[in-house]
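We begin with a single chain expressed as structure tokens, specifically the form predicted alone.
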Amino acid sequence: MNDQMTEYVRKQFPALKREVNGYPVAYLDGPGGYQVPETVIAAVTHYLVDMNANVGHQFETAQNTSVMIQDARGIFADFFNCSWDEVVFGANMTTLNFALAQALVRQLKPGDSILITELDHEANRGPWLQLEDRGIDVTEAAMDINTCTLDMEDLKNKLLKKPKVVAVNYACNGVGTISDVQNIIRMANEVDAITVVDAVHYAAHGPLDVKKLDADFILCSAYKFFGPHIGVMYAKKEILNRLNPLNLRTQQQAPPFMIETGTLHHEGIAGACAAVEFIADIGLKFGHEFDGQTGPLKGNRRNQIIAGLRLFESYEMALTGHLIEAITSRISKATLYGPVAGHPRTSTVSFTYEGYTADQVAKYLGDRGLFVWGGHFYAIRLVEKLGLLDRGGLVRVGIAPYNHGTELDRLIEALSDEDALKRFVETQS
């Protein structure tokens, strides 16, 4: 992203005007949820003011809501590169994954196995672990604690057991590791396993292509890429059609409706669409360098989305490299956790600070308007395997497209001032 685009992006986010203790807030907590642009706020407001109604009625606002939801499926079909009837909306990714797990278990029998990983967020572990009380054998592929990557040999060995389901993340929200999901899906397909990919963390950092990946289910959360708190799932039509999800007899018994229980979060769907359109708008305005690679941008929302995400990725990774180098060279008491240089990763950087818990460091930084997160971020198995759970977990910094290099300079300056950190912690005790 050039300077012109950076300024354009930053102007879209009213939250950036916030101050804490006289400091402008730097939202460096992107992995926990992005801030939203004006267009998303406007879309939610427009729905609530001009369209608010339930579907299935004969009057105008109800019919307009139905049209909006159908249009939303088309927008997310471009986001995933799938057909509209493979787009499922839900309260959040976790709820959708629980619904999926409960649908799949009705086709399993005691003794069948499911493969999860140690690198995953709990939302792609817990729903499957819950099935153990139904006699399902849930095993986990190990992670390499030195590189925070999946142990691919262990995963291959676990696949020899021919699991019925393989659940894996695209990118780890705890440390930013991007896994080779295409290869994992290929191996899972060889043993006829159903594949479930948690793309919650990845979706903000790179384009999703379900046709290329050939996954059966991919889940994400719109609030991780500029939208409201709502879950979205790609469900391969022929697979979903074979399932028997828990639902009401009034539910349409066809994809994608059959797994959407109750009234959907209409205003959230409207805002989520605006979030995708925001990404596409950036791609159209500034992504001309990708025009020859993705195909024409004008009139093609899918190509615009890809260009926008690639622009964001390029910008974020330049700042990520700067941050990692600065922490390594200037913060002697910091220990970084994550993939080694050269391994695919997102712009998430996690570390510990000798002598202080992650919570103490995060509160100190927050007092200076530097919003980061300390703890396990629901990637509790990862933090446990790293031996950090009893020590308070990790400090996590996430770089988003609206962040600026000067904000990272403030972060490094604050982390370098150990005397200030010590004084702050003492005042909190």
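Please read these numbers as outputs of a predicted model, since none were measured by experiment. All residue numbers refer to positions in the sequence shown, first residue = 1.
Below, we turn to the form predicted in complex with a small molecule, even though it does not appear here.
Colleague: Using a 4.5 Å heavy atom cut-off, indicate which stretch of 105-113, 345-353, 198-206, 331-339 touches the small molecule in the model of the complex.
Modeller: Flagged stretch: 198-206.
Colleague: Can residue 149 be called a contact residue for the small molecule in the model of the complex at 4.5 Å between heavy atoms?
Modeller: Heavy-atom contact with the small molecule at 4.5 Å: absent for residue 149.
Colleague: Is there a heavy atom of residue 266 lying 4.5 Å or less from a heavy atom of the small molecule in the model of the complex?
Modeller: Close contact is absent here: in the model of the complex, residue 266 is far from the small molecule, nothing within 4.5 Å, heavy atoms only.
Colleague: Should residue 223 be classed as touching the small molecule in the model of the complex when contacts are defined as heavy atoms within 4.5 Å?
Modeller: Result yes; residue 223 sits at the interface with the small molecule in the model of the complex.
Colleague: Against the small molecule in the model of the complex, would residue 117 count as a contact residue? Criterion: heavy atoms within 4.5 Å.
Modeller: Residue 117: no contact with the small molecule in the model of the complex.
Colleague: Please identify the residue among 303, 94, 179, 320 with any heavy atom within 4.5 Å of the small molecule in the model of the complex.
Modeller: Contact residue from the list: 94.
Colleague: Between 121, 236, 158, 73, only one gets a heavy atom within 4.5 angstroms of the small molecule in the model of the complex; which residue is that?
Modeller: Contact residue from the list: 121.
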